[in-house]
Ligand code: ADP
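Starting off, we have a lone chain in the form predicted alone, written out as structure tokens.
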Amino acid sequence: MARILGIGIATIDIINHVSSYPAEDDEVRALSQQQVRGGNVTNTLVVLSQQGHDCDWCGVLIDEADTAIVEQDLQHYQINYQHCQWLDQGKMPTSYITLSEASGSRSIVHYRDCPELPFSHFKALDLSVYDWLHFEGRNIDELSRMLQWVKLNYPTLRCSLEVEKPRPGIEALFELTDVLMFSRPYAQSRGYQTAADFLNSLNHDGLMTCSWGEQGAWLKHQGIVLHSAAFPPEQVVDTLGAGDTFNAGLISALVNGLSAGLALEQACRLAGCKCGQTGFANLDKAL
């Protein structure tokens, strides 16, 4: 078991389940609706907690009624959030999600009135108690200061970075991390149509992965590129959070000492299990 700190956001996800995705200007009835905790890094921590790790989250919480949804879910999965910054103004970030039962795909409209976590808050944390830090690739200026602080003051502490979206300046963070986790949209935004070509274009001393949906995922480490096929469920039910689950599977395998190839396969297997169910419950039994 490792002690892991995740730095990123939590959201309120309002999920409308529809039989199939509506065309523009259509009016459709939702089959059901859920309001749940979301957010990339907290999703990853929920899965890591189920894999037996001791997980903490550091982000921003707003003192308002909807925050109870986030708190209750984190408490359920035994994720400590005492390091969070609390604010008395604003609104918890909210994602309005349309989930198609026909395909399992999801479309998201995101609204936020919540500031990002500042470096000044992060700097006050005692990081010596952690085995791994996982960062969500956002809030680039402050995140750069956080990563430089870690490298200077905790040089042996391993750090991973999720790179989901092409944010201005995010490339400057790559050299400050040990593990980079890229998405297909990010690779395509850089002009690459295969994960292998994209990873081979990068010069990074650590470990890098790039997930590619139904084609599986690729990993590059010490100049060697590996591939794992996807492990799709019998029926795709819900792809929301599959990438976050992949990241959790990879981190869990690496902190447990598995080889790069086995870590990649475990991450793909876990993500496949997630796609076969709604939400993140019972993923401790998936492997």
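Since the model is a prediction, treat every value here as computed from it, not as a measurement. In this text, residue numbers run from 1 along the sequence as written.
The protein also exists as the form predicted in complex with adenosine-5'-diphosphate; that form is not presented, and the subsequent description refers to it.
So adenosine-5'-diphosphate isn't shown here. In the predicted complex, which residue out of 58, 61, 69, 230 has a non-hydrogen atom within 4.5 Å of it? It is 230.
Please tell me which of 81, 212, 77, 130 lies within 4.5 Å of adenosine-5'-diphosphate in the predicted complex, judged by heavy atoms. Exactly one listed residue reaches within 4.5 Å, namely 212.
Look at the candidate spot formed by 174, 206 and 208 and say whether adenosine-5'-diphosphate comes within 4.5 Å of a heavy atom in all three of them in the predicted complex. No, none of 174, 206 and 208 comes within 4.5 Å of adenosine-5'-diphosphate in the predicted complex.
Should residue 164 be counted as a contact of adenosine-5'-diphosphate in the predicted complex, where contact means heavy atoms within 4.5 Å? Residue-level check for residue 164: yes, a contact with adenosine-5'-diphosphate.
How about residue 279 - does it come within 4.5 Å of adenosine-5'-diphosphate in the predicted complex, if we only consider non-hydrogen atoms? No.
Residue contact check: residue 158 to adenosine-5'-diphosphate in the predicted complex, 4.5 Å heavy atom: Because no heavy atom of residue 158 falls inside 4.5 Å of adenosine-5'-diphosphate in the predicted complex, the answer is no.
Please check if residue 92 has a heavy atom lying within 4.5 Å of any heavy atom of adenosine-5'-diphosphate in the predicted complex. Close contact is absent here: in the predicted complex, residue 92 is far from adenosine-5'-diphosphate, nothing within 4.5 Å, heavy atoms only.
Out of the stretches listed (250 to 258, 47 to 55, 61 to 69, 236 to 244), which one is close to adenosine-5'-diphosphate in the predicted complex, meaning heavy atoms within 4.5 Å? This holds for exactly one stretch, 236 to 244.
If you apply a 4.5 angstroms heavy atom cut-off, which residues in 247 to 286 are near adenosine-5'-diphosphate in the predicted complex? In sequence order, 268, 271, 272, 275 come within 4.5 Å of the partner.
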